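In structure tokens, the next block holds one chain alone, the form predicted on its own.
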């Protein structure tokens, strides 16, 4: 028989786990997209060496399991003297993972900009930085924005893995609660609904941000 009342004494545990997941998501989304943007620019417009380095990074991350990346950072790096807390290791792992996937998404957007627009910017005397910020970035990000935001949500859902190194996020909270009251079905059902709600909220917030960022283009 299902009985969700047994979860009420642990509501603060669920809330704390939810807040940790939100904090990690916000931080790693900002850092991961920034890293992906930098790598995409290097791969699209950089020299041969930067392109090869970025391509190797992207292929390595996209073709290995996230949990292996996380364990390498948290358990492997200490063997060479790099000691990290579970929180630090999680932020680094999630950022690197999102950065690799967003690199290819953003690069696709950069590659979709007609060369004529870039050449016109050069004729007008714009520097490379001005061309990026005023001519390339806005239309490029507008095209790939849905795919990029979806990837951010996927990374948020994948953050459940970091419970394996004792980061007290949402899945860690569910594991803790069910180990104490043996209400595994109820605990994981509530956790699943919280992830679902968080994903829907993120999608709605991203939609509002997108409307604000690109509304001027629609009106022009």
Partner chain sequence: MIEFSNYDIIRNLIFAAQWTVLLSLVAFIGGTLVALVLTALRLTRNSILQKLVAVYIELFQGTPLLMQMFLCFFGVSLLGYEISAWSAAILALTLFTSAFLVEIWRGCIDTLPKGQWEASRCLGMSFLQILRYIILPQALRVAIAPTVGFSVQVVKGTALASVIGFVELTKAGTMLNNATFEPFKVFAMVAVIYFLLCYPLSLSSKILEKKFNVSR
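Positions refer to the first chain, counted from 1. Because the structure is predicted, anything quoted here is derived from the model rather than measured.
Not on display, but discussed next: the form predicted together with its partner chain.
A.B. asks: In the model of the complex, which of the listed residues (166, 63, 49, 179) lies with a heavy atom within 4.5 Å of its partner chain?
C.D. replies: By the 4.5 Å criterion, the partner-contacting residue is 63.
A.B. asks: Between its partner chain and 59, 175 and 185, in the model of the complex, does every residue show a non-hydrogen atom at 4.5 Å or closer?
C.D. replies: Answer is yes for this spot.
A.B. asks: Can you check whether residue 30 is within 4.5 Å of its partner chain in the model of the complex, heavy atom basis?
C.D. replies: Contact with its partner chain, no.
A.B. asks: Within 4.5 Å, heavy atoms only: does residue 75 come near its partner chain in the model of the complex?
C.D. replies: Yes.
A.B. asks: Evaluate residue 68 for contact with its partner chain in the model of the complex, applying a 4.5 angstroms cut-off between non-hydrogen atoms, and reply yes or no.
C.D. replies: Residue-level check for residue 68: yes, a contact with its partner chain.
A.B. asks: Using 4.5 Å between non-hydrogen atoms, is residue 200 touching its partner chain in the model of the complex?
C.D. replies: Answer yes; at least one heavy atom of residue 200 falls within 4.5 Å of its partner chain in the model of the complex.
A.B. asks: Can you tell me which residues in 111-129 come within 4.5 angstroms of its partner chain in the model of the complex, by heavy atoms?
C.D. replies: Contacts from 111-129: none.
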